[in-house]
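One chain comes next, on its own, written out as structure tokens in the form predicted on its own.
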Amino acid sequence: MAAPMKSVACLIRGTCFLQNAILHDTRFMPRACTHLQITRGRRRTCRPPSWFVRTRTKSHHLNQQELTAENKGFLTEYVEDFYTKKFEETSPLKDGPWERHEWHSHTFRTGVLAVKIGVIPQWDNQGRKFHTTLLQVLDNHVIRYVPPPVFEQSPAFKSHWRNRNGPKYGSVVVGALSCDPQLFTKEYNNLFTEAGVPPKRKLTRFIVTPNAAVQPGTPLFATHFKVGDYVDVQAKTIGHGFQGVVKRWGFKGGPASHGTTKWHRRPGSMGGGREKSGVWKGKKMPGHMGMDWRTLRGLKIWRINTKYNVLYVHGPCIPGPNHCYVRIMDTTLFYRKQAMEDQPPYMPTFFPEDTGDSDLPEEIVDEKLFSFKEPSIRYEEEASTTKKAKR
């Protein structure tokens, strides 16, 4: 009897592992691939996934301390020359751009990675004040494109991303903020050989349709979007660590005086009752607060600074602290996406030849936004005063 029970236990263990592999990275948003595995509620783990590539070298700082200033300068020059020649040879852009397709309502384009700068007020033409969040697109490049047949074999692929004709979506890996290759391992640097770009500090993945495939090595700018477009913004909320129920859930707590001893911020009794006794699933209790993926949908882009690649996105409530990484992509809201049909976005992204012979202005502002270059108050003479003056 022990052998069958052992085989059943192995089967259950294998099924759980398969479920974790299939449901891996699929918690919050259909187009997002996060690193959170769910087993009865929220469980955070520092264990890297099976496909993780170690980025930082352990002995880099020790080796740097033993080098002189001349040796460091020589290594820096050698690395720059080596990677410059390597990128020129391996860059896929030298073969010419891929074929560009037209945009339709079912198209999923790639997104960009931006850094949250802060919140700044703006005014419309009617004088009404509202807040916008500044998001800077820093040194974005396409690292890899995975076609739908290959992406279908990935553990992050979902069953509803498949129709009668096969898989509907592929994936695009986008990297932001180029760094010194000496800071990373050889395995991590090899991830960028296909794109012909320096190693990036931050990587993310977006779900795209085949007509929005982007060639590896293509740079992405803030002009990937247009003024008036609606976007979905995703980031991690501010982390507060382990917190009690008063701060985490807003509980009132116990009385402040009159016999209260060590019970000021406790949650109170739980688990009582007859048939309903016990602590139910989902009970609000102390635990880890923050550092969760949150998505805001349908935010309008009011203004774009092409010189510094800054997007002015509507609202002050974009998750995360300042200087955190933010994922920006086309909105998935139905009515907002229908409004984009009058002004279709660039496919698959913005290229300099899209502007023709004219150069892009430094500031692209929405029509409904007040421009401070124009006077805010205008004085006009009345007709009666002019007639009196003539008499």
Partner chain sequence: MNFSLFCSALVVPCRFSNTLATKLVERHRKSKLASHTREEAETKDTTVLTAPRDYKFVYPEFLPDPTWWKRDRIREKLEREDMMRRRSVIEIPEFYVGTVMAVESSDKYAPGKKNRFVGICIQRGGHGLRAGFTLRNVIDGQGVEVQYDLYNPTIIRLEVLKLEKRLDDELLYLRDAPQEYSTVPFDMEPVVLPPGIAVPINTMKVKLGPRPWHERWERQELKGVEDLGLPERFYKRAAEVAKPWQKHDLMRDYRLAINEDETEEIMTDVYGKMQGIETQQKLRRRQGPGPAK
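Numbering follows the first chain given and starts at 1. Bear in mind that the values here come from a model prediction, so they are computed numbers and not experimental data.
The protein also exists as the form predicted in complex with its partner chain; that form is not presented, and the subsequent description refers to it.
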With the partner left out here, check for me: in the predicted complex, does some heavy atom of Gly127 sit within 4.5 Å of its partner chain?
yes
Would Tyr312 show up as a contact with its partner chain in the predicted complex if we use heavy atoms at 4.5 Å?
yes
Is Gly170 part of the interface with its partner chain in the predicted complex - any heavy atom within 4.5 Å?
no
Can you tell me if His141 lies within 4.5 angstroms of its partner chain in the predicted complex, counting non-hydrogen atoms only?
yes
Tell me, out of Trp161, Trp302, Trp103, Tyr83, which residue has a non-hydrogen atom within 4.5 angstroms of its partner chain in the predicted complex.
Tyr83
Between the options Val119, Val150, Cys317, Met285, which residue brings a heavy atom to within 4.5 Å of its partner chain in the predicted complex?
Val119
Counting only heavy atoms and a 4.5 Å cutoff, which of 109 to 117, 260 to 268, 206 to 214, 273 to 281 contacts its partner chain in the predicted complex?
109 to 117
Taking its partner chain in the predicted complex, which residues of 317 to 335 have any heavy atom within 4.5 Å of it?
Pro321, Asn322, His323, Cys324, Tyr325
